[in-house]
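Consider the single chain below, provided in C-alpha cells and representing the form predicted on its own.
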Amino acid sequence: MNYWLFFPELLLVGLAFLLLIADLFLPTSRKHYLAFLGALSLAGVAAAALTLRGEKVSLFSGMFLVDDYALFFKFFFPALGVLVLLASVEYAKKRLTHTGEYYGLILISVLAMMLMTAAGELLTAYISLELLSFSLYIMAAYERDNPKSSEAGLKYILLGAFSSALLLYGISLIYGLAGTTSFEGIGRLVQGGNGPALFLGLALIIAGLGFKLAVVPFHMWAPDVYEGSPLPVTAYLSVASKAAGFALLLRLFATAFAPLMVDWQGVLAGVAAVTMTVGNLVAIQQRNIKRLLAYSAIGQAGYLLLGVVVLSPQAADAILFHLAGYAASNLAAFVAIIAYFNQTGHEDIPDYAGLAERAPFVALTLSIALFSLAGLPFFAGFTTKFYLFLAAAQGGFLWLAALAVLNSLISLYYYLLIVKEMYISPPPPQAGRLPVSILLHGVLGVLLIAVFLIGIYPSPLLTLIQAATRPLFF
C-alpha cells in the first residue's frame, strides 16, 4: 500500500487538529490568526495534491479512487475554504464565540468533500457525506446569540437526518441486489437486468441526494437555513456543499447507473425543469437577500441537473465548468453582503438603498456577481451557462435548454431589484460611507478577477476540466 496517495487527506487531518490545539493557547484577541493558519493549511493541502497528478489508482477494492477527477476537487475545495476563512475573519470577531472550533470545522468539512469526490463505493461516499453534513449542522447553529441560527441548525439536522435515512435505505436495497456497494460492481449488475427493487433503491438514492442538493421537491429546508445561518456559513453552504453533492452525483451516475439512463433520464429532466422554475419564480417574492439567494441557488441546482440528465463527456465538462463559475460569482455576491452586514447588521433588500454611494467597490462587485449569476455576457455565468445549455441541447433536450434560458431571464429581474436599490434609491438620511477592511477588499478583488477570467478566457480552466472528467467515461 502506497500511503503517499492519501497524503493530502492525512495532511489536512493533521493540520485541522493543529489548528484546534493552537486555539487552546491563543488569547481571544488573537483568535483571528487561526483563520490565516487555516488558509495556509488549505493552500498546503492543495500544493500536496500536485504530487498526485496523472495517477489513476483504485485502493481498497475500489473504495478510494485517486484520479484526475478527484484531484480537480482537491484544488477546488481548498480554494473555496481559503476564501470563506478569509471572509469570515471580521464577522467571526464580532458575532461568533469559539472561533477556533469554527475555523477547524471548515477544514474538516473540506476533508469530507475531498473524500466524497474520491469515493468509489456507496458506503465510503455516505460516510463522507455525513461527515460533511454534521460539520454544516454545527456551523449553521454557530451564532448562539441569534435565535434564527439555532432554528436553522435544528431544521437542517432534522431534515438532514431524514434525507440520510432515505439514502441509506436506498444503498441497502442496491447492496441487497448487487452484493456490492462498488460503483463499478453496481454498473455491471444493472447491465444484466432490471427490477422494481433496483428502481426503488435508485429512487431513494436520488431523493436522499436531492435533499443535500436542495432540488425541488426536496428544497424546503434551504431558505430557512440560509436565512438563519451566519453569513459566511450561508456562503459556504450555497457553494461548497452543492459542488460536493454534484461531484458525487456525477461520478455515481456516470459509473454505476449509466446503463439505466433510459429509465431515470426523464425523471431527472422533470426534476430539473421544476427545480429551476420554482427556484426562480419564488425568488421574485423575497425581500431578505439571503432567502433570495437561497432560491437562486435552488434554480442553479436545476441548471446543473441538465448536465446529469444528458450525462455525456461534454455535459460532465459543462457541470464542472458551471460549478467553477457559479462558485466565483456566488461567493463574490456573499462576500459583498458580508462586508455590508459587518457594518450595518442589515440583510433586507431595501436596506441596500444607496450602497453605491456608501461603498462603491462593494456595490460594484455585488452588481457584477449578480449579473454573472443571471448569465449576462462577459461574465463567468454567461460562458458557463452557454456550455451547459449547449450540452443539454446537443443531448436531445432542446426544450429543457430553452426553459433554462427563459429562467435565466426571469432571474435577471430579481437580481436587478437589488442593483436598483444600490444605484437608484437614495441612501438613508445621515448615512455615511461604510468602512470595509483591506482583507475583504482583497477577497472581493480576487473573486472579481475570477468572474471576468472565466467569462472571457475560459480555455485554461476548460482544459483542466476535460482532463478531470476523462476518468469518468474512458
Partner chain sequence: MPLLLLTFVTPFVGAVIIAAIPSAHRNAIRMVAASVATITLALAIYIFLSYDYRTGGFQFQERYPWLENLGIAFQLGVDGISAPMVLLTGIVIFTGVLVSWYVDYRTKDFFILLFTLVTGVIGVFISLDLFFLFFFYELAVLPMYLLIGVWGSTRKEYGAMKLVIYLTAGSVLVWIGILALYIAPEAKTFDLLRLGQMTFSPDFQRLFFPFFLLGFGVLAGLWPFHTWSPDGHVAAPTAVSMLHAGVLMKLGAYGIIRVGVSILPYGATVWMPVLVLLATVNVLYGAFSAMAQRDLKFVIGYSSISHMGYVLMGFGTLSVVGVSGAVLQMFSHGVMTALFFALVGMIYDRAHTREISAFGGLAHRMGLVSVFFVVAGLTSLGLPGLSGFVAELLIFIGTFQTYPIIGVLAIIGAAVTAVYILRLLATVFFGPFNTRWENLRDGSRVELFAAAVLVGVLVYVGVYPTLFVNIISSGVGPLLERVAGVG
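It should be emphasised that the depicted structure is a prediction, and the values quoted were computed from it without experimental measurement. Residue numbers count along the first chain shown, from 1.
If you look for the form predicted in complex with the partner chain, you will not find it shown, but the lines that follow are about it.
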inquiry  = Please tell me which of T277, Q343, T180, Q314 lies within 4.5 Å of the partner chain in the predicted bound form, judged by heavy atoms.
reply    = Q314
request  = Just give me the single entry in I284, L158, A165, L390 that has a non-hydrogen atom within 4.5 angstroms of the partner chain in the predicted bound form.
outcome  = L390
ask   = Using a 4.5 Å heavy atom cut-off, which stretch among 292-300, 261-269, 200-208, 353-361 contacts the partner chain in the predicted bound form?
value = 353-361
ask   = Taking 4.5 angstroms as the cut-off for heavy atoms, does F218 touch the partner chain in the predicted bound form?
value = no
message = Residue-level question: is G81 within 4.5 Å of the partner chain in the predicted bound form, judged on heavy atoms?
response = no
task = Using the partner position in the predicted bound form, report whether V405 sits within 4.5 Å of the partner chain, counting heavy atoms only.
result = yes
inquiry  = Check H322 for me: does it contact the partner chain in the predicted bound form (non-hydrogen atoms, 4.5 angstroms)?
reply    = no
ask   = Taking the partner chain in the predicted bound form, which residues of 206-245 have any heavy atom within 4.5 Å of it?
value = none
